[in-house]
Ligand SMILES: NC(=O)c1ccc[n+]([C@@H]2O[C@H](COP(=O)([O-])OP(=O)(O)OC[C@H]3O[C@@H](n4cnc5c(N)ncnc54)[C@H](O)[C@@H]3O)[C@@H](O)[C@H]2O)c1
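Take a look at this one chain, the form predicted on its own, written out in structure tokens.
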Amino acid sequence: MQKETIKTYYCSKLGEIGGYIPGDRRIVVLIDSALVEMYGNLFPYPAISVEAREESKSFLKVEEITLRLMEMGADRGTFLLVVGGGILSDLGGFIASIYFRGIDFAYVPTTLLAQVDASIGGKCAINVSGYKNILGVVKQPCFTLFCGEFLNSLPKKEVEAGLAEMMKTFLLADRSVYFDAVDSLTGTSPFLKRISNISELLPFIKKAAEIKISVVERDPYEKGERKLLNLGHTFAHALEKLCSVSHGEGVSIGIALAAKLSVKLRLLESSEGDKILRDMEQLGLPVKSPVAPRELTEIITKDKKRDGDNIQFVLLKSIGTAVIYPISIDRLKGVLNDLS
């Protein structure tokens, strides 16, 4: 199978976005409803607005948007431009992949989470009965367009979500950049406590995107290396379902629990595990689970990373090196019992 190249563009100003949108195609925009007033003028095309919440990633919303597309006369030649964060990326990519057996689409990610993770790699999915991303496809967009100016209007919670994902990428793949990011973003006080200048993140955003792109191009369908990008997510998805924490909180706590489990299983030196927890706290990210980790067992057993009688955890051998570590369901509650 021929290697698929992931196409990305970077622009410095919002006013430059129009130059990257195909001028010879019929465009329909799927946009986060919260962005319409602030950024809708950048996309002067027929538009469908969607509230960006997990409940929108549903069969019901897919049907609703499909009927809107049909009413608008969208056909196989229509180009769907998806503008928003991770929820819009999931929902828009999923719909574009199945509408009339697939139409062309592109992402304009407007959140930190989407720019470092959700809009990259072609994975898009919807939820079923509260279980995250159970039904989905892998389909690369025609391109992803990044613009740092979108990030200036983000609330702290949105920055938190993206920062956790960004640090996850460095933890599993690039030791040097991880240390650089910690040194640069902590300084005299946690980054999330002094979030006045989002431009501090820009070089690290691009590096995180480049790392994920290189992983996905080598393993587009998650047969091996790409699974490592799920570091912390088995815990995160369980926490999101059981405790209603945000994705950023879930990923941050999930990374902390994965580090603790890695130490417990003697994969990771305790000194490195302690450093990861200190670094996350210094960045202003949460590391303490709101429930005892063993209480997550039942939800984790339904995770899509289950393989027969095992759960495929992503754990750490060192900062910058991750591994797949299968843990049997029978053993799971025991290994989670004394994590905190």
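The structure displayed is predicted, hence computed values, not measured ones. We call the rigid core the largest set of C-alpha positions that still match within 1.5 Å between the two forms. When you see a residue number, it is the position in the sequence shown, counting from 1.
There is also a form predicted together with this ligand; it is not shown, and the following applies to it.
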**Message:** Taking this ligand as it sits in the predicted complex, is Glu249 in contact with it (heavy atom to heavy atom, 4.5 Å or less)?
**Reply:** no
**Message:** So in the predicted complex, is this ligand close enough to Leu171 to count as touching (4.5 Å, heavy atoms)?
**Reply:** no
**Prompt:** Using heavy atoms and a 4.5 Å limit, would one call Ser153 a contact residue for this ligand in the predicted complex?
**Reply:** yes
**Heavy atom of Asp32 within 4.5 Å of this ligand in the predicted complex** = yes
**Asked** Which one, 278 to 286, 293 to 301, 52 to 60, 22 to 30, holds residues whose non-hydrogen atoms are within 4.5 Å of this ligand in the predicted complex?
**Response** 52 to 60
**Message:** Taking a heavy atom within 4.5 Å as contact, would all three of Tyr39, Ala118 and Lys123 count as contacting this ligand in the predicted complex?
**Reply:** yes
**Request:** Would you kindly say which of Gln140, Ser97, Asn133, Thr78 lies with a heavy atom within 4.5 Å of this ligand in the predicted complex?
**Result:** Asn133
**Request:** Could you work out which of Thr144, Thr111, Thr234, Ser262 is the residue within 4.5 angstroms of this ligand in the predicted complex, going by heavy atoms?
**Result:** Thr111
**Asked** Core-aligned, is the CA shift for Tyr131 between this form and the one not shown 2 angstroms or more?
**Response** yes
